[in-house]
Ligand code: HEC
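The chain that follows stands alone, in the form predicted alone, written as structure tokens.
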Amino acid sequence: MLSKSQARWFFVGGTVFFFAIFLFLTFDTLREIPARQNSEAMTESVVRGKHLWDAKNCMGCHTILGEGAYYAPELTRVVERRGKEWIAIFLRDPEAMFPGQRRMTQYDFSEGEIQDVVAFLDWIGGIDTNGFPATPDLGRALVVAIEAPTTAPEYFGTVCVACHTVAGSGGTVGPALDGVGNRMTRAELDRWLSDPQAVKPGTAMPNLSLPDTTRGELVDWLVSLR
């Protein structure tokens, strides 16, 4: 049992020791912040996107950098998972991308506002968070959303593969596309990509309003999948 004098010195010594640790950690944090905060990539578009994020109370459903709600997906690395083009399409019409599933509000963003939100999310993803958030054990479906066979058009690798699989990689919302060239003709594929609802009313496939060049590249590639 400590004497009164020993207890006093134990308290004083412990206080000094842990206060020194606190000062060291504070100094280390301040030293690390400039290299981690990605401030050099902050543009006016990023700032506008942050204002939109706050104005629409996105943190009421989403989480970024550990702050926010858990009703909707965590978005710190969403650009890395999904890609800018997919996010832009989703923001134009959230319901069209996941009919009957997503409950995100349709904000009717202008194209400029969509690009600002995407810029903000891209900037967030560039912050060095020392590995946060960790890749979830069941996160493969998200991780492969930006993977595709090397011969695939870029659009497939950034958008389509979030729902469709080829050679075992991709999402599971839509059917696998292996062998689709044996099941559909070039004309059928072109018509389907032009307006899926006109071919099959009620289908979960959204009308992506693809430019002729992009649609042509996809049709050429899909026809080759035999």
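When you see a residue number, it is the position in the sequence shown, counting from 1. Every value quoted in this text rests on a predicted model; they were computed, and no experiment measured them.
Quick note: we don't show the form predicted in complex with heme C, though the next part is all about it.
- In the predicted complex, heme C lies within 4.5 Å of some heavy atom of C61.
- When heme C is considered in the predicted complex, T105 lines it closely, a heavy atom lying within 4.5 Å.
- Among residues of the shown chain, P73 is one whose heavy atoms approach heme C to within 4.5 Å in the predicted complex.
- Although the partner is absent from this view, W86 contacts heme C in the predicted complex, with a non-hydrogen atom inside 4.5 angstroms.
- Using a 4.5 Å cut-off on any heavy atom, the residues of 41-61 that reach heme C in the predicted complex are, in sequence order, W53, K56, N57, C58, C61.
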